[in-house]
Ligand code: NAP
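Coming up is one lone chain in structure tokens, specifically the form predicted alone.
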Amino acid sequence: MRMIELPGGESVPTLGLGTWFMGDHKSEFEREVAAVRYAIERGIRLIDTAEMYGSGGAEDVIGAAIKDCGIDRDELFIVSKVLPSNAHHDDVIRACERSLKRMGTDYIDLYLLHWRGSAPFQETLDAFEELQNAGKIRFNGVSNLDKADLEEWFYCRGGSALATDQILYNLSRRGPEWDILPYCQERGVPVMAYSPLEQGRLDGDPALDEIASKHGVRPLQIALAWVLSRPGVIAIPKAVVHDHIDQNIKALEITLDQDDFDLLDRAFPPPTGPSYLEML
């Protein structure tokens, strides 16, 4: 597994498992628990979730999956997020406590503000600092913040401890390359790419088909290998089907050459100017 450093020096995997849309249906609970456990068995150590996913259901899935999973808790790196509606100081504390209870863990490795709401950044940061001092979270960061928001976050007391900005980033959503990625790279802050496969919608693209045929792999593996090749980027594709988990892991072994990158740039042009940060 490739690793990348957070600003504090902590090494984390460049490939994790996303859980968006897990926990939505009780009938899928055991299947989703089995998927998370399978990913852990296959070497996945970074797991991303949020209190929003399944209204806490995804955290329930993770809690069941990591219980008696055969590895120590400190071998996992768990990311969760607080909703902007819970981003005021006391609400952050209570939301974190609920997430900890659902996952059956004493701490969250990385706790993010899911997107900007009405709560002042400083109030959220003060709560994050309190949680860190209590040992309930190890690092903090943000999600879905554009460059202007990041600049404001960094200006706040404690904001320079930002560990990541989790954003929508894939071949069809390259806008962050104009400003967010350079801004974070200058500060040694990794970007965490959610929906790196555009939720599977990139499948069937002719350029991906051509490159996949050349490398003897699946088209979506090429799309993921491209994201994983970007400097300072962590990818967190969601997968429940075991074969999809295997394919995602094997994407780490794919080395794209300059011809591949040139073809992908023609099919999915990089940005030529600033744009609004997209969200799903």
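It should be emphasised that the depicted structure is a prediction, and the values quoted were computed from it without experimental measurement. The first residue of the shown sequence is 1; numbering continues from there.
Beyond what is shown, the protein has a form predicted together with the named molecule; the following relates to that form.
- Contact with the named molecule in the model of the complex holds for none of Ser11, Thr14 and Gly141, as no heavy atom of theirs lies within 4.5 Å.
- Scanning Leu220, Ala39, Val233, Leu46 against the named molecule in the model of the complex with a 4.5 Å heavy atom cut-off leaves one residue, Leu220.
- This chain appears without its partner; in the model of the complex, the one residue of Thr164, Ser195, Ser99, Thr124 with a heavy atom within 4.5 Å of the named molecule is Ser195.
- Contact annotation for His215: none of its heavy atoms lies within 4.5 Å of the named molecule in the model of the complex.
- Heavy atoms of Gly23 never reach within 4.5 Å of the named molecule in the model of the complex, leaving it off the interface.
- Put simply, Ala239 is close to the named molecule in the model of the complex: some heavy atom of it is within 4.5 Å.
- Contact check for Trp226: no non-hydrogen atom falls within 4.5 Å of the named molecule in the model of the complex.
- With the partner omitted here, the stretch from 181-189, 127-135, 68-76, 198-206 that lies within 4.5 Å of the named molecule by heavy atoms in the model of the complex is 198-206.
- In the model of the complex, the residues of 1-21 lying within 4.5 Å of the named molecule by at least one heavy atom are, in order, Gly18, Thr19, Trp20.
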